[in-house]
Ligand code: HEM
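Next up: a single chain in structure tokens, the form predicted on its own.
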């Protein structure tokens, strides 16, 4: 774009709080590589899988996390989502066993079981708030796979405080030099600070309680937190309590809200595209069977 983005705010595709419209406009009019400027910040928009792979994988060591992700450090610390090398590389090595194919298979079984149990409560004559339902389902799955627990008071508290923070997320991202004023009595910043303190207390206590179980019992567990607690780097070092907190927060946030939103939009888009909905239903019948002969899906499916 020839001018800075604020110059175009009168355009319907450049409205504040509607980023998807901007991305659609750029993909249509600027092609696979677009550029715009937000005051003195230059932003390059890639909309081509080959170019995205080049940046994220082939040349990944040449790039650092962008500003929005770096700002998330105020909540997630130096977790896998926000850290750069060498911290990211070490954390990825230590966490790798927790994401081995066999582990993913057991998580898939949990996901299917939770989804099937929720489906059994639905009735064709009733209305369902699909957004709230998908949030509940995702929260239940995260509680079981991350902590080996049900949605208890601690999980609800983590959920509540995460929602508080996500409710002011855009404000936190846009606030200039936020890291330097986190201790200031600014209303939005104070809400964030209070929510983060509550999250830290809960997660720190959960980690301490799990550690107190001892190595033998931890080795028998298959949830992500236990696997991270027993994981070791090549030199025998382990994740510190602070690093464990950061990874737990990262996995919770990445595995919960984003997943629930993706599921909600999937249902919505299927209702707008009956052809795709029919093809999906036919594939389910073909792969899983129907009626009394139907079975639940597996990771291989």
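Residue numbers count along the first chain shown, from 1. The shown structure was predicted, so the numbers you read here are calculated from the model rather than taken from an experiment.
One more form of this protein exists, namely the form predicted together with protoporphyrin IX containing FE; it is left out here, but the text below deals with it.
Chemist: For the chain seen here without its partner, which of 74 to 82, 203 to 211, 151 to 159, 127 to 135 has a heavy atom within 4.5 Å of protoporphyrin IX containing FE in the predicted complex?
Modeler: Result for this chain: 74 to 82.
Chemist: Of the options 92, 100, 217, 183, which one has a non-hydrogen atom that comes within 4.5 Å of protoporphyrin IX containing FE in the predicted complex?
Modeler: In short, 92.
Chemist: Pick from 69, 46, 270, 239: which has a non-hydrogen atom within 4.5 Å of protoporphyrin IX containing FE in the predicted complex?
Modeler: If I apply the 4.5 Å criterion carefully, the residue I get is 69.
Chemist: Is the gap between residue 255 and protoporphyrin IX containing FE in the predicted complex 4.5 Å or less for some heavy atom pair?
Modeler: Residue 255: yes, in contact with protoporphyrin IX containing FE in the predicted complex.
Chemist: With the partner left out of view, is residue 30 within 4.5 angstroms of protoporphyrin IX containing FE in the predicted complex by any non-hydrogen atom?
Modeler: Answer no; every heavy atom of residue 30 is more than 4.5 Å from protoporphyrin IX containing FE in the predicted complex.
Chemist: Are any of the heavy atoms in residue 248 no more than 4.5 Å from a heavy atom of protoporphyrin IX containing FE in the predicted complex?
Modeler: Contact with protoporphyrin IX containing FE, no.
Chemist: According to a 4.5 angstroms non-hydrogen atom cut-off, is residue 37 in contact with protoporphyrin IX containing FE in the predicted complex?
Modeler: So residue 37 does not count as contacting protoporphyrin IX containing FE.
Chemist: Please state whether every one of the three residues 105, 108 and 286 places a non-hydrogen atom within 4.5 angstroms of protoporphyrin IX containing FE in the predicted complex.
Modeler: No, none of 105, 108 and 286 comes within 4.5 Å of protoporphyrin IX containing FE in the predicted complex.
Chemist: Within 262 to 285, which residues come within 4.5 Å of protoporphyrin IX containing FE in the predicted complex, counting heavy atoms only?
Modeler: Heavy-atom contacts within 4.5 Å come from 262 alone.
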